[in-house]
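Before any questions on binding or motion, here is one chain by itself as structure tokens, the form predicted alone.
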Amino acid sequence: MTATFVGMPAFPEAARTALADTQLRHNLAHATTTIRDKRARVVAEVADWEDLRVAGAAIKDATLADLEHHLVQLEAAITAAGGTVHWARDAAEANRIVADIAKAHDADEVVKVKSMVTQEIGLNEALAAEGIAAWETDLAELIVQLGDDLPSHILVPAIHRNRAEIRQIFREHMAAAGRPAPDDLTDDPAELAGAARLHLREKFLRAKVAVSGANFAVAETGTLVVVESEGNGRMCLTLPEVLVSVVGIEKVLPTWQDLDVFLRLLPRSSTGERMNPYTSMWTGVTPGDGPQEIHVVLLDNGRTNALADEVGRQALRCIRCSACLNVCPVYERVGGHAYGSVYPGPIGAILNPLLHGVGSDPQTDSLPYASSLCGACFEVCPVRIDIPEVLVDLRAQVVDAHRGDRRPKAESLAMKATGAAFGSARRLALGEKVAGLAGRMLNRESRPPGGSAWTGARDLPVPARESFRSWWKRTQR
């Protein structure tokens, strides 16, 4: 299933740790504010933006409703164009396919285009176990890899780092992975990018195998599409002899006309640009031009489970733009690591439980509660995923999954006690008398024994000194 950060505690505990890191909060606030302001400006330029959102959602829903047909059509088109299609039910199968292809070409290293799905399946670690080094070529992914770190954002995996920290990472770790950073490297962004360019160039030129994901896959022609901003993807997609693309089955679009909608939605929602600087498309093998061997791994890994969820299946519309992260007040304060997965933020809070399932892992079960349900994520989502609706539904699923536990949670016991009280007029009257007595004894600053975990962040109204029942009897006499 989906890879999680091993040893990561449940969200509430991880969030408390993140909140204590003032540098992290500063980095996140600066970065998310910048990105969402850029997005707001370019979206405001599009008079029919809401119509585009509706169109994007409709195309995705129609495709998912007939997913089998479109995937079979995609396979046939890729095969006819000279590519090879592999089907992977889970992460283990996908990793084995990629490793076998690399080993068949005696490759002890691969270069990678930024890809969420390969992070999802833990491809780098799986290849390392086979003696194959996987080199990230996206600048932010390179920072995370060299720093032995974990990604914390869908679009900008190193958003939790500032440029001084990046300089230190480059100076300390670049040499062990290839060309070292210049001795006089400063934290100027242009110099940092230049150091990364020189470091990666030798890897681009010698790699025989490249690995990518795909933002979209057009079923009618078998065309894969990758959008990016740096050009590293273009290098990976054109220079090596062999290209392996791992693609989630939800990435398929029926036609080129459908693709047009998403190439207008995605760049504005993700990087705040009218179009991506690099939009690469390839259809099978072209003799003498680009990779001469193309493999496409179509990955399930829990996606059919999500598709079976009537409320949650809308999460499969996601085009990984990260707009929901950039407006989320929770993400802005705790960052991505607290979510314990490569999919952080609001979309991660629903996607991880949908792919992984609820009821077996406390960390995953905590994610649907990692939200204030403010609705900002739905307002910016380019494909209108109603994330708050899915969060509420997943919370109900988490509760239902634990109804048979031998040791019920305090919340469950409290709800049962409340139900028993409200189920009997006599018990309710007794409860009102007790509450009235408490109201005369307590003041607004009082905290019930053991209730500090609740009242530390919430107001607890003082019970009325007189219940409505008592008031009625007294005044109607």
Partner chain sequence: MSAREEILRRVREATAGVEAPTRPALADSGPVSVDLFADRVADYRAVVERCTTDQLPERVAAAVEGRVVVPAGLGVEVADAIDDDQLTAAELDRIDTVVTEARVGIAETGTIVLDHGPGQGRRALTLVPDRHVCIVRADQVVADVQDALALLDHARPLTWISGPSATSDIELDRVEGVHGPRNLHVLLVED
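Quantities reported herein were computed from a predicted structural model and do not represent experimental measurements. Residue numbers count along the first chain shown, from 1.
Below, we turn to the form predicted together with the partner chain, even though it does not appear here.
Among heavy atoms of D183, none comes within 4.5 Å of the partner chain in the predicted bound form. The shortest heavy atom separation between D365 and the partner chain in the predicted bound form exceeds 4.5 Å. Shown alone here, R313 lies within 4.5 Å of the partner chain in the predicted bound form, counting heavy atoms only. For A126, no non-hydrogen atom is located within 4.5 Å of the partner chain in the predicted bound form, even though that partner is not displayed. Contact annotation: of the candidates R395, R234, R384, K208, the single residue with a non-hydrogen atom within 4.5 angstroms of the partner chain in the predicted bound form is R234. Heavy atoms within 4.5 Å of the partner chain in the predicted bound form map, among the stretches 372 to 380, 386 to 394, 193 to 201, 344 to 352, onto 193 to 201 alone. Each of A88, S229 and D260 is positioned with at least one heavy atom within 4.5 Å of the partner chain in the predicted bound form.
In sequence order, D61, A62, L64, A65, L67, E68, L71, V72, E75 are the residues of 61 to 77 having a heavy atom within 4.5 Å of the partner chain in the predicted bound form; the partner itself is omitted from this view.
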